[in-house]
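Next up is one chain by itself, shown in structure tokens, the form predicted on its own.
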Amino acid sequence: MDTLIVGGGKIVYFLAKAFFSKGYNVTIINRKKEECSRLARQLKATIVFGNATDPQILKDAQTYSMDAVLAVTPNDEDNLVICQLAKLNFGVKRTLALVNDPDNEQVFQHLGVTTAFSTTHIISSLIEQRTGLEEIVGLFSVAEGKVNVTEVILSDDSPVLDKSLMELELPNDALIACILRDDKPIIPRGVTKLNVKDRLLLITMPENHGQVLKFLTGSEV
């Protein structure tokens, strides 16, 4: 896989190392000469000096041959322009942009960026996993961050104990996909009742995730 990373600092270095470990070919565009020299010494990557918002620099980096372009500069506007140029001018199908202002995340996606990711949202999700609520034991995102999958253990003070799924009024866009009871998986039906220590595989949207957890556990998240 041929990957272009635009940006600088440790994030680019470690991303490149991670991609190398997967067998990817990596090209890096950086606008600082000193950093280009350092990256060239440290990494077996193709290093291009210049401003990646300039189509000529993207051409020099052979962007037309890339499978993915990742823009991780500290400037949201630059990241958006880089991804749009890569897609529209060079036909790159997969573009990824760091969003420093989380309010821009959906805007980027509406403007054609394949994946926009916010460090603020990532960190808040990690904090959410470590809130001290022992019944919430796992959280990860799928579908490029549009869906959350969480494992929830029902404690003896859960407000949904001894209720069947048909009795629950789960918030919209939430689903209990599976129940692990005594380490045996159960695909739940409407008549299935929830017991203490049940482990629920919960599917939610990011916007209603906290609301659904509170509904099942009775605790603020």
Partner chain sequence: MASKNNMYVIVIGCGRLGSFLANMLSNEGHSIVVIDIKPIAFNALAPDQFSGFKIEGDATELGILKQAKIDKADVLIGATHDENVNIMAAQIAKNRFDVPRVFVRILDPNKESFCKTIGIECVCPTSMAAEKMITALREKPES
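Positions refer to the first chain, counted from 1. Small disclaimer: the values here were computed from a predicted structure and weren't measured.
Note that the form predicted together with its partner chain isn't included here; everything after this is about it.
Novice: Heavy atom to heavy atom, is residue 119 within 4.5 Å of its partner chain in the model of the complex?
Specialist: Contact with its partner chain, no.
Novice: Taking heavy atoms only, is residue 147 within 4.5 angstroms of its partner chain in the model of the complex?
Specialist: No - in the model of the complex, heavy atoms of residue 147 and its partner chain never come within 4.5 Å of each other.
Novice: Quick one: does residue 78 come within 4.5 Å of its partner chain in the model of the complex, counting heavy atoms only?
Specialist: Yes, contact at 4.5 Å.
Novice: Even though the partner isn't displayed, in the model of the complex is residue 55 close enough to its partner chain, meaning a heavy atom within 4.5 Å?
Specialist: Contact check for residue 55: yes, within 4.5 Å of its partner chain in the model of the complex.
Novice: Has each of 84, 106 and 110 got a heavy atom lying within 4.5 angstroms of its partner chain in the model of the complex?
Specialist: The answer is yes; 84, 106 and 110 each reach its partner chain.
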